[in-house]
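Single chain ahead, written as structure tokens, the form predicted on its own.
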Amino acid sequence: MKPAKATELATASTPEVLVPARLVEAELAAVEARLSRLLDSNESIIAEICHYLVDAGGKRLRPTFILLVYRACGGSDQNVDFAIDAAIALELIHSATLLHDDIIDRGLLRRGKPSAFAQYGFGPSLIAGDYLFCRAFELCSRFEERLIRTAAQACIQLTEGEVMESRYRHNAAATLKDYISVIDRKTASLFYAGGKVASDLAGAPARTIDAMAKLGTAMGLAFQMVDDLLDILGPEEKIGKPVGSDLRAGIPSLPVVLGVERSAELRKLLQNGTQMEGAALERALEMLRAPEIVADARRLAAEQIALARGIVDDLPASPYRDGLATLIDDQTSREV
């Protein structure tokens, strides 16, 4: 027998990298197929806008999270169609908010290409967003009342979070507590709903359902905190929009609320009430990229990730539990 080559030994001993989406690959394929059909409309412009946004890709983080929670909580093949529809419904709601966010922010770039707002204008994009919300709740009609209420409550929090964020725009007085209140509603509410609904559909006990809801909140907060860091760090090709987009719009992102605590100059720049551009934008970005601000933002995101990992570790051992842990850890790898 010939001795194994060094490269063969290395390959044999190197553990295969766990890709969370592969654990629920069949379910995610069903999500994509059904989602695409739900984007169609008797009015061609609505279908065109919906497909333009959703077919551009995106991480499908929420469906992956929901399906992994369902399986990690013991969800069976028998009820998996309900979990798939729940994943689709929350992805539709998320997509609707993207259309509306770009209208509110006058965002011209989304996922590396012109936003629907830039491509189709205010009115058609607004209507397409409303259409996606309606499709989501049409899909939810098959669920029991408590599950529909959870999805509806997430939408209520989304709208409240949008208004809160608008109130804090160009407002140097916004605090870390204010920021957490906003992203808890705007981002974490859908993850909270996803964790709660998925574990409920899996037949998990009340204690586990509550834990998975809390897991969703921690996951959502961490995701948004890292997103906020990427907005100031870039690069544009990674984040799919111009670096400093939130800063231009006066949005109180995590680096901003941390920065205004430290710098009177930054507070003055943010209080002008207009869209920041040119030298002022570059100066603000320079201050927000200070090592201590970036480190503090990373620490806050890491705290939420650690909280989420602790919750996941309490689940019974399974590949799906490991997939959830990896999905959570992957949030840190999005940092530059």
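Bear in mind the structure is a predicted one, so any value in this text is a computation, not a measurement. So that there is no doubt, residue numbering starts at 1 and follows the sequence shown.
The same protein has a further form, the form predicted in complex with ligand FPP, not shown here; the description that follows concerns it.
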The listed residue (135, 196, 110, 71) that reaches within 4.5 Å of ligand FPP in the predicted complex by any heavy atom is 110
Answer key, ligand FPP contact in the predicted complex at 4.5 Å (heavy atoms) among 178, 101, 184, 85: the residue is 101
- in the predicted complex, does each residue in the set 105, 158 and 162 place a non-hydrogen atom within 4.5 angstroms of ligand FPP? yes
Within 4.5 Å of ligand FPP in the predicted complex by heavy atoms, the stretch out of 170-178, 212-220, 240-248, 255-263 is 240-248
Check your understanding: With a 4.5 Å heavy atom cut-off, would you call residue 96 a contact of ligand FPP in the predicted complex?
Key -> yes
field: Heavy atom of residue 224 within 4.5 Å of ligand FPP in the predicted complex
entry: yes
